[in-house]
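The chain below stands alone, shown as structure tokens; this is the form predicted alone.
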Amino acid sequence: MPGDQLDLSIPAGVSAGALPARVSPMQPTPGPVPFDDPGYLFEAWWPGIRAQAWVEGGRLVRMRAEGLADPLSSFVELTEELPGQLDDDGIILDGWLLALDEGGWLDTDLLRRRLAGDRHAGRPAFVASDLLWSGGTDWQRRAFASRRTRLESVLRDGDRCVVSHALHGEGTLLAEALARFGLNAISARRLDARYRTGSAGDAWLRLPIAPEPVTERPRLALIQRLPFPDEP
């Protein structure tokens, strides 16, 4: 892909090419209505573009995203912000590219403009939900619970690069909390599952949320405070 041809130098002492050039993504399976299960971690299904990020030599050297040849050209601000929030190197993250307006609200129209080449449309954000490599070591065969714990220990939350907040075992509570934002699904990941190429089976489910009238736009910072307090 054209996005793999970026000519970015690697600092001395770091082995160029230590990370794989490509990781085939795990694809979620359509699931039933939201449910509760202590064997799963539940989080929002973010209204963005699924993406993987490579950080090597202290730099964001590559991104892969659905339908984009070179995501870094559209989300260039992340090249400085994301590596600065990591307490490890030789990392591959799996997550979502989003666009925020000036108030921090998720805006799909601004995202579409970004993807169409307007680099001034909104503010880009990256929400990480999984960690595939860390310290130059492959973590894909480890249980999701271990990968998630590692992710939360190496990525410090910032204004627009964060670890997706999640609820353990409480899918119905999460679905009820998100319904007012008009989001149409939540994510359910089995805690004991490895990362696998292609269909995830029951390791990763996309659970639909019953449509409700939208009472509030989704905001990144607000969704990160799950479960929501009773406030306007």
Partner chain sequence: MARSMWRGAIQFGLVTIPVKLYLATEQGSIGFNLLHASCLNRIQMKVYCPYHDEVIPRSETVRGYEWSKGQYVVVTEEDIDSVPLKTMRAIEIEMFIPASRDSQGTQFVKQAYYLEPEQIGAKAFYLLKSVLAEQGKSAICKIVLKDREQLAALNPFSSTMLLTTLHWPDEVRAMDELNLPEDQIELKASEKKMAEQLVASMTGDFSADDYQDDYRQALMAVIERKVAGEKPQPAAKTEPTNITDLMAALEASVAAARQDRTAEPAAGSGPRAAATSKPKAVRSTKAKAKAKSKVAAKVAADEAEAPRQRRRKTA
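Positions refer to the first chain, counted from 1. Keep in mind that what you see is a predicted model, and the values were worked out from it rather than measured.
As for the form predicted in complex with its partner chain, it is not shown, yet the points below apply to it.
Engineer: Taking 4.5 Å between heavy atoms as the contact cutoff, choose which of A203, V61, I49, A177 touches its partner chain in the predicted complex.
Structural biologist: Going through each option in turn, the one that passes is A177.
Engineer: Would you mind picking the one in A125, L82, L93, L111 that has a heavy atom within 4.5 Å of its partner chain in the predicted complex?
Structural biologist: For this set of options, the contacting one is A125.
Engineer: Tell me, please, which stretch of 68-76, 97-105, 130-138, 114-122 lies within 4.5 angstroms of its partner chain in the predicted complex when heavy atoms are compared?
Structural biologist: Only one stretch qualifies here: 97-105.
Engineer: I'd like to know if T172 sits close to its partner chain in the predicted complex, meaning any non-hydrogen atom pair within 4.5 angstroms.
Structural biologist: Looking in the predicted complex, residue contacts with its partner chain include T172, since a heavy atom lies within 4.5 Å.
Engineer: At the 4.5 Å heavy atom threshold, is A185 in contact with its partner chain in the predicted complex?
Structural biologist: Looking in the predicted complex, residue contacts with its partner chain do not include A185, since no heavy atom lies within 4.5 Å.
Engineer: In the predicted complex, does A44 have a heavy atom within 4.5 Å of its partner chain?
Structural biologist: Although its partner chain is absent here, A44 would touch it in the predicted complex, with heavy atoms inside 4.5 Å.
Engineer: Within a 4.5 Å heavy atom cut-off, is V162 in contact with its partner chain in the predicted complex?
Structural biologist: V162: contacts its partner chain in the predicted complex.
Engineer: Heavy atom within 4.5 Å of its partner chain in the predicted complex: which residues of 137-154 qualify?
Structural biologist: Those in contact are R141, R142, A143, A145, S146, R148, T149, E152.
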